[in-house]
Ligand SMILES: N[C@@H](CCC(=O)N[C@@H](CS)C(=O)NCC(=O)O)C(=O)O
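Presented below, as structure tokens, is a lone chain in the form predicted on its own.
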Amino acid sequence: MRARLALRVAAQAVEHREIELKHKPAAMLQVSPKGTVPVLVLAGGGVLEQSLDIMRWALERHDPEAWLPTDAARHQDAWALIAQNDGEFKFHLDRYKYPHRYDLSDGVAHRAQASVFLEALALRLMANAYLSGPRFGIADAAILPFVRQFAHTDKAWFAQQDWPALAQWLAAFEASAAFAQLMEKHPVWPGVTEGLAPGAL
């Protein structure tokens, strides 16, 4: 989701190909043996296999809403926050959302650990409309999809938490035109005999 958010705001035209991960097309595995999404095949033949790399690539080409901080301190802060999200928070999120994958009876302990990060985000959002200040930026785009996963794992529990600014931030994202576009359904790409075209995601 975050890679597609960045591609959208950066107005980078791509050929979208929806993948069913239970039946991975051979053409996809040929260009990206890791077998996970997203994958972006560039026109020059390069392949980007990580969502953050796709975000950087898109925004470095065109950043009309100034998602990338130009101030050194804000830049460092945003990427440190993203690293915390992608590291410790995602570790606990995965075990909260899918406890049985990790031989856990439930994910409650990991929910509590993940909540520490969310409480820090909530404090930031009480002081500013967005994670890095008054404008939506790279940290918001990179972290929001994961907070959404957490919130939807147990909506009733999430709604009971005293995180009004965090809940409002998430609700505004889910009500946005960008989110609506991202949630549009695409037919699954057969990809049995086709190659993966440049600019395909």
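In this text, residue numbers run from 1 along the sequence as written. This one's a predicted model, so the numbers in the text were calculated from it and none came from an experiment.
Another form, the form predicted in complex with the named molecule, is not on view; read the next lines as being about it.
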Name the stretch: of 37 to 45, 134 to 142, 151 to 159, 60 to 68, exactly one has residues whose heavy atoms fall within 4.5 Å of the named molecule in the predicted bound form. 37 to 45
In the predicted bound form, residue 174 touching the named molecule (heavy atom, 4.5 Å): no
Partner contact for residue 50 in the predicted bound form: the named molecule, 4.5 angstroms, heavy atom: yes
Might residue 21 be said to contact the named molecule in the predicted bound form, defining contact as any heavy atom within 4.5 Å? yes
Might residue 2 be said to contact the named molecule in the predicted bound form, defining contact as any heavy atom within 4.5 Å? yes
